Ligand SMILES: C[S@@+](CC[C@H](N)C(=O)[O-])C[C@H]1O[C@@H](n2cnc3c(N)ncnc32)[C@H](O)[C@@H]1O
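Given as structure tokens, the chain that follows is alone and in the form predicted alone.
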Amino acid sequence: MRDEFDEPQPAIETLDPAAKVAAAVASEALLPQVPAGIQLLNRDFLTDVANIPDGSIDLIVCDPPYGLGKDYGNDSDMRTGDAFLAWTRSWLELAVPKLKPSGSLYIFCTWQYSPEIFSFLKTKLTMINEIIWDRRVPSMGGTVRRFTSVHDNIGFFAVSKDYFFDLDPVRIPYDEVTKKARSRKLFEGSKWLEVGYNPKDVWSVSRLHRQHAERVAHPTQKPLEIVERMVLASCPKGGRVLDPFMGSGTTAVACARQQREFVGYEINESYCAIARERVSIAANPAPVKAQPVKAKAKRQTETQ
């Protein structure tokens, strides 16, 4: 009886080095393309942070897990209480040295932990603002034992008093009624009346509900309007932004749209793919198609 291993075995298919490189290039070409200055890294920030030189970042935008048990496809938001705060301090210790002397940091958090997080950051940086994001949550019942929470806390910190801040790109235009009310000679030629007013520290921007055109498959996606305001105000053109918890890539999209460099980390491969797709679209928007000339209008042209 023949042993089964006496049968001829199929040859193991091998590729020469040049063919392997060609295959890798072909595979990369199938992925959505992003600008050269945008780095989307499917890695853990805490283990890869040494690859970012100290003092090389203009702006850090942090939207980390809140310690509320959200499902991000892993257990990254399962820490609570002291364990969550210890973890938060550990990655902030690594992130802060990456800022330039003119750099600044925004961190999203929830009211349950914001006092401790802000107190810790005050030992490292100068606090500029606490911003309240009013998520415009509609009144639909809810808890009956306390007031309903409808906001997120955002801490704005800077390395020094000489931090970069450009107000003009984020000013909010006055409406025509307000401009008319300020038409007295006292206000003539006033720059602020023409370019708009300084955003206050309460940002009323709707959360991204399930039907929102901007919404993607991420449970805590932040509106582009909010993050883009941070990028425009706190990072110079051509500057570099770091996002340790990239998620669906909103900060990367803002940087692609506003000509800033970006490096972001995300451990969930699916979210990285979403971020790549979003950045590719933002950097290469579809051209607007010319509207076809209506037949009737064409005939009128021909008879003239």
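Because the structure is a prediction, the values reported are computed rather than measured. Numbering starts at 1 and follows the sequence shown.
Here the subject shifts to the form predicted together with the named molecule, a form of this protein not shown in this document.
In the predicted complex, no residue of the candidate spot (Ser102, Ser234 and Gln259) has a heavy atom lying within 4.5 Å of the named molecule. The listed set Asn74, Ser149, Ser206, Asn129 contains one residue whose heavy atoms approach the named molecule in the predicted complex to within 4.5 Å, identified as Asn74.
Here the chain stands alone, but in the predicted complex its contact with the named molecule, taken as any heavy atom within 4.5 Å, falls in 249-257 among 234-242, 51-59, 32-40, 249-257.
When the named molecule is considered in the predicted complex, Ala273 lies well away from it, no heavy atom lying within 4.5 Å.
Contact annotation for His218: at least one heavy atom lies within 4.5 Å of the named molecule in the predicted complex.
Heavy atoms of Leu68 never reach within 4.5 Å of the named molecule in the predicted complex, leaving it off the interface.
Residues of 251-267 placing a heavy atom within 4.5 Å of the named molecule in the predicted complex, in sequence order: Tyr265, Glu266, Ile267.
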